[in-house]
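Take a look at this single chain in structure tokens; it is the form predicted alone.
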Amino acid sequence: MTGTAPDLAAGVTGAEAGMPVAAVALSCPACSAPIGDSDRFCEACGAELTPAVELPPPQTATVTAARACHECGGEVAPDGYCTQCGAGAVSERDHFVEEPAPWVAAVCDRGIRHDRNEDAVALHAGAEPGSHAVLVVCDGVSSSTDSDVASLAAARAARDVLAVSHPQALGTAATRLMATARAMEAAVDAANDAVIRHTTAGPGNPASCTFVAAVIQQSQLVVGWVGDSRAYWLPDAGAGQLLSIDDSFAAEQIAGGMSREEAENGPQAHAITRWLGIDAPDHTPRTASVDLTEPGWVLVCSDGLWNYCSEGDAMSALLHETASRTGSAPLDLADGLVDWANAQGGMDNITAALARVGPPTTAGPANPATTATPAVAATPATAAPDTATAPAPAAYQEEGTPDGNVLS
């Protein structure tokens, strides 16, 4: 497994060793990307910049670790080619990992068929396992402009909102749930604003992406989503659960009685009905929650993974089978899931973000037929009307023939 966050590009900063430093470049305080002294927002992550950016102390050369060749493991030269075998290096945006704590990790990969990686992931986790974690995945709409930049900015903006939100409300489970749902709405607002800031003016399809996030607050899990990126709860014993309901044409067909397999393999299976962006009809997230009363895994992923393994039970079986080969370290397990999706064809970008609840284990799941399924409760914000959990009307049913804005 190789790769780092894409805006942490390899290179040498400062003056050559032993030489005086004439000037120090400004960098974004959120992601460390280079910025100009007159910039109001970071071009890399979309963070708002304060009028005065504190300069770091003068430095001599700071040399980052050499990149490893994905073909032979040799060292990649500054020109982007391996010094051993001559292979071109993989872009750091095409494959990167995040691991804020040993119990939370993610892998984001370009896949095999796409020219660029439009998926994005952003994570936060407390040091103590099970204490507090945030997992955000955004999938850029491939036919929209700069969706790779917008999706990464959106994921990080939402992560930053949720990372500092530890809602306690009145101290009861119900009020904490409502407060977390409100924080999720604020996070999606921030993500949507980030997409808009990265939208190119003029004709064409503006930047857009899907959104899904999971917040673990001790024994409670809250997920929120817009589009068809997904969240799963996969207990060690019992049935795996798909917690989100896609905002897609396929979900409409499933609600109408079509089998999941047929709907998700149809010609318009990935026509989404809601998304983030300047042309989004509604970006209010739908939410669901689970009480985490037993050990298991929280999985947040893009359709590049669930395309090949959709049902909760099937995803649970895949995760446990993969863990039997990779071990139960979240980063290794996420990498194994991405490798598996690529082995199935890698038709789309692939992101798998995992959080471990309870002690590590490699045991397989129990028979779902003989175990109880954890209850999933809609938050008050989404539970009021009977139609709150039903997919929204398909965008192309309102606007005629679908354009690129509704295809993920």
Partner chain sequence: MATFSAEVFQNEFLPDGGTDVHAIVTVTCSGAGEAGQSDSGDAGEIVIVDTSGSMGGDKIVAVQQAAAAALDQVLDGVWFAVIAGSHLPRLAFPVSPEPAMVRMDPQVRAEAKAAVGSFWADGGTAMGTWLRLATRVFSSVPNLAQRHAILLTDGINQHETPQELSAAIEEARGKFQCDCRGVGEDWQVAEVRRIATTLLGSVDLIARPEDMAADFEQIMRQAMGRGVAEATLRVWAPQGAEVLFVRQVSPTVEDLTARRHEVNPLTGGYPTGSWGDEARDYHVAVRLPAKSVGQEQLASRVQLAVGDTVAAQGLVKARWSNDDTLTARIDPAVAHYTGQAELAEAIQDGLAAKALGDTDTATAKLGRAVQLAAQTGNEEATSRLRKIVDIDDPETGTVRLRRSVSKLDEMALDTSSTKTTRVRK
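By rigid core we mean the largest C-alpha set that fits within 1.5 Å across both forms. Numbering follows the first chain given and starts at 1. Just so we're clear, the structure is a prediction, and the values are computed from it rather than from any experiment.
Here the subject shifts to the form predicted together with the partner chain, a form of this protein not shown in this document.
The contact residue chosen from Cys82, Cys309, Ala101, Ile254 relative to the partner chain in the predicted complex is Cys82, the criterion being a non-hydrogen atom within 4.5 angstroms. Put simply, of Met258, Ile112, Ile278, Ala174 only one has a heavy atom within 4.5 Å of the partner chain in the predicted complex, and it is Ile112. Although the partner chain is omitted here, in the predicted complex all of Glu71, Ala77 and Gly86 have a heavy atom within 4.5 Å of it. The chain is drawn here without the partner chain; in the predicted complex, the stretch among 113-121, 195-203, 127-135, 228-236 whose residues come within 4.5 Å of it by any heavy atom is 113-121.
In a rigid-core overlay of the protein, Pro281 has its C-alpha displaced by under 2 Å between the shown form and the other one. When two forms of a protein are overlaid on their rigid core, residues whose CA moves 2 Å or more are considered shifted, and Cys85 is one of them between the shown form and the other one.
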